[in-house]
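Look below for two forms of one protein chain, each set out as structure tokens: first structure 1, then structure 2.
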Structure 1
């Protein structure tokens, strides 16, 4: 590495008070020096500063109910909503984004979660199901063109995900309309805010949470590609829900008709204590509060009609208007700082496998961006029609329950 480049890297580390990241720099090969330098240059230092100075949001939050458009209420204007949404689909103004950076290890499956085979007597993969769900809406709208289908991966599973689509011929979907991009990474920090080293030539990095989807799309140029092709809305969904209703024209049409620039699909809770994030207002802004933030009194609070005030939980199916989200993304999102046990090396370069939490993992959550909008459409969907996640190896929200719901809803043979 030439001296000028080395001087810039050391100046950056000093400016950010992260000199410890270069402790072993002179021991490294030129290739290793470049690797470490590139990692350091990619760090979002604003995120680090915000994370280390943030206050406890829960303690300073005034949480109030947000009105949801229920299934019964939507039925009255269903035709209008569908017509608006299907027109947008025919014009290609909608793109889908699947959050697929995770592995299937929690399910006892070795591979990207989206490559999980849901079939019993035949192969039927999560990615394949999601593409099929979207294509059904496209066909029903009379669309003459395919929609962009974006897949956010992670460093851990990017190549395996791309290879999987290649090996399966993109499931008959046009290759040029499927886009893969990596989620941005965030460094693990000591409790004093210092970046940990995973190895002498590597920072300790982890995906920066599903809320980083928009800035990740910006940095890789995918957002510009979509805008150039006339896309105005992005439907962001999780990879693990086999009933995920992607590019739903009714949801899109209702969001537009209600003059909102963001929308969230929600389900009625089974009971007040169901552990799902509840859509609401936080300090007067649309938001989602985690179950742990709702007191027992709030969970059981009812309105004059006897309905629970915080009765609707999010399904991780969101709509975002691109240009409005660009404005929202200029604001610093709240950062979730989790205390974790992070493997690293110490000052002598020895490997450390801590027995107690030793570092913060930093994440953005997708629902936090909702707070940047003046209003958000919360729209109820029928649980049995649109919510069958695969999150656990057995029991509730498992592969077994998802299969049963998929067969009941579609009648397809697995």
Structure 2
């Protein structure tokens, strides 16, 4: 590496008080030096500063209930909502975005989560199911054109995801309508705010959370491509729900009819103690309150009609109006800082496998984007029709429970 570039990298590390990242620099090959330098240049140092100085958000939040449009209430207007939504689908004004950059650590599957085979006697992959769910809505709307299908990956699973689609012929969907982009990465920090090294030539990096989708999509130019093609709305969904209803015309039509620029699909909780985030207002803005933030009293609080105030859990199926979200994205999202056990190397270059949390993992959460909207439509869907997530290796929300729910809903043989 030439001296001028090396000087610039060292100056950057010094300016950001992160000199420890270059501790082994002189031992590295030219290629490794370049790799480490590029990683350091890509770090969002503002995010680090904000994470280390932030206040405890939960303590400062006033949580109040947000009214949900229930299945029963929506019943009489379903025809109108469907007609509005299907027209938008036919005009190609909606795109889907599958958030597939997560690490899926609870499931522990070796590979991108979307490549998981849900079939038993045949191959039926998660990505294939999601694409199929969207195509069904397109077909029913009598579409004359296909919708854009975007997939957010991370540095860790990008290549494997792209190759998987290639190897499976894009499951018969037009290749030019499927777009992959990588989300940004965030560094793991010691409790003092210093970036950890994963190896002598690598920072310890992880995907920056599912709230990173908008800026990552903007930066890579994909958002412009969609806008140029007339797309107005994005349906953002998680990768791991086999019943995920993608480009649902009823949800889209209802959001438009209610004059909202964002929507969240929710399900009634099984009981007040179900561990899901619930839709709410936070300091007067639409948001989601995490299970851990709700006191027992709040979980059990009811209105005059005897209904729980925080009864509706989010399913990670959101609608966002693109140009309104561009405005919203100008606000800095809050950073969520989780104390975790993160493997790294120490000052002598030895591997460390910590037994207690040693570092902060930084993430943006998708639901924080809701706060930038004056109003968000919270719309209930029927749990058995639309919610069968695969999160854990066994027990609740596992491959086994999702298979059973998929068969019960669709009657297909696995």
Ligand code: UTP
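Residue numbers count along the first chain shown, from 1. Note that the structure is a prediction, hence the values are computed from the model and not measured. In this text, the rigid core denotes the largest set of C-alpha atoms whose superposition between the two forms falls within 1.5 Å.
Q: Between the two chains shown, which is the form predicted on its own?
A: It is the first structure (the form predicted on its own) rather than the second.
Q: By the 2 angstroms cut-off, has the C-alpha of residue 15 moved between structures 1 and 2 once the rigid core is superposed?
A: Yes: residue 15 shifts by at least 2 Å between structures 1 and 2.
Q: Superposing on the rigid core, does the Cα of residue 192 end up 2 Å or more away between structures 1 and 2?
A: Yes, because once the rigid core is superposed, the C-alpha of residue 192 moves 2 Å or more between structures 1 and 2.
Q: Using a rigid core alignment, state whether the CA of residue 203 is displaced by 2 Å or more between structures 1 and 2.
A: Moves: yes, 2 Å or greater.
Q: Looking at residue 36, what is the CA displacement between structures 1 and 2 after core superposition, in angstrom?
A: Its C-alpha moves by 3.1 Å once the cores are overlaid.
Q: I need the CA movement of residue 103 between structures 1 and 2 once the rigid core is aligned, reported in Å.
A: Here the C-alpha difference is 4.3 Å.
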